[in-house]
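Form predicted alone, single chain, as structure tokens, below.
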Amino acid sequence: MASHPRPVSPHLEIYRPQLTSVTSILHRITGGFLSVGILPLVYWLIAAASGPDAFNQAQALAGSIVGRIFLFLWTGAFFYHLLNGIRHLAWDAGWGYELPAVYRTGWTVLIGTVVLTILAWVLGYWARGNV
């Protein structure tokens, strides 16, 4: 049986990233990051239930520069996944399939993520200073 050469399907190195592909990939990445991020949260809750020494150790870890960077990224992943999940619910309802709406909601999710993440951290520090 003769083999016919088939054209190779274009792949990631052929296409330039588009907003739709980037938001899809980010949704999967943030979902995974949120799943992994539950482990430090569970550690913190167990430490809180274990007593003051364990809790102080967990607080010191969360308050370190690495801990704060992780928490900041986890907050951003949470807001991105939340907003993009709402976008997906709108699609499930049949709204927003037109190309202009897809791009408008995609940019809204990205900008909303940045705004909500910064707002959460600013309000968190403000509340901490006024408590």
Partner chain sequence: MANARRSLRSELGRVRGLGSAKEGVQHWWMQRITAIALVPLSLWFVAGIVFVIDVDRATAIQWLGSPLTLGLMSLFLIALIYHAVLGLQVVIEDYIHSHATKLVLLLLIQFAGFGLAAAGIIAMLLITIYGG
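Positions refer to the first chain, counted from 1. Note that the coordinates shown come from a computational prediction; the quantities given were computed from them, not determined experimentally.
Form predicted in complex with the partner chain: not shown, discussed below.
Although the partner is absent from the chain shown here, none of Tyr80, Tyr103 and Ile118 has a heavy atom within 4.5 Å of the partner chain in the model of the complex. Interface membership of Leu89, defined by any non-hydrogen atom within 4.5 Å of the partner chain in the model of the complex, is confirmed. At least one heavy atom of Trp44 is located within 4.5 Å of the partner chain in the model of the complex. Although the partner is absent here, His4 is not a contact residue: none of its heavy atoms lies within 4.5 angstroms of the partner chain in the model of the complex. The closest heavy atom approach of Leu99 to the partner chain in the model of the complex falls outside 4.5 Å. Heavy atoms closer than or equal to 4.5 Å to the partner chain in the model of the complex belong, across 14 to 29, to the residues Ile25, Arg28, ordered by sequence position.
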